[in-house]
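Encoded as structure tokens, the following chain is the form predicted alone, with no partner shown.
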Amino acid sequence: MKREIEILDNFIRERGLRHTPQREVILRVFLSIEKHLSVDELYTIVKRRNPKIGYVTVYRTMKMLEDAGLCNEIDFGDGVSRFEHQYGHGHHDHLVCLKCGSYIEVINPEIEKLQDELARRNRFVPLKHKLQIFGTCNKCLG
């Protein structure tokens, strides 16, 4: 967690923003939970730690953490934005069940190679990507 705090501090300093204790609390809470969190879920947890932190502060801080490369924003097709850890976590894709909302994180080097080859053949330089496959999970299939 120390490295992530340094990354946030550098990001804030480079942009001439203010370092606030609220931002650090939000980062610490977010990093302590290995889960895809919505702003609502994170706000509920942060509020228990510091009741003076508002919803907008949590939302803006999460956007800042994304800009700093500490998290990714994802939408599993239900209109709810969630955030997942990025720094220190390997790239992965998601299989998302449209019936129950569950998701499976998948890592497949062959897919990554195929994406790289597709970009190379088209003289395209990818900066980032997201792969989400929507369908029905094994439990919901019955």
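Note that residue numbering begins at 1 and tracks the sequence as displayed. Think of the rigid core as the biggest set of C-alphas that the two forms share within 1.5 Å after superposition. Because the structure is a prediction, the values reported are computed rather than measured.
The following text describes the form predicted together with another copy of the chain, which does not appear among the structures shown.
- Although the partner is absent here, residue 97 is a contact residue: one of its heavy atoms lies within 4.5 angstroms of another copy of the chain in the model of the complex.
- Interface residue remark: residue 130 is counted as part of the site for another copy of the chain in the model of the complex, having a heavy atom within 4.5 Å.
- Shown alone here, residue 66 lies farther than 4.5 Å from another copy of the chain in the model of the complex, counting heavy atoms only.
- Looking at residue 104, you'd find a heavy atom of it within 4.5 angstroms of another copy of the chain in the model of the complex.
- Taking the partner from elsewhere, no residue among 1, 11 and 32 has a non-hydrogen atom within 4.5 angstroms of another copy of the chain in the model of the complex.
- Segments offered: 82 to 90, 106 to 114, 55 to 63, 24 to 32. Contacting another copy of the chain in the model of the complex at heavy atom distances within 4.5 Å is 106 to 114.
- Applying a 4.5 Å heavy atom cutoff to another copy of the chain in the model of the complex picks out no residue from 1 to 25.
- A displacement of 2 angstroms or greater separates the C-alpha positions of residue 132 between this form and the one not shown, with the rigid core held in common.
- With the core held fixed, the Cα of residue 103 is displaced between this form and the one not shown by 2 Å or more.
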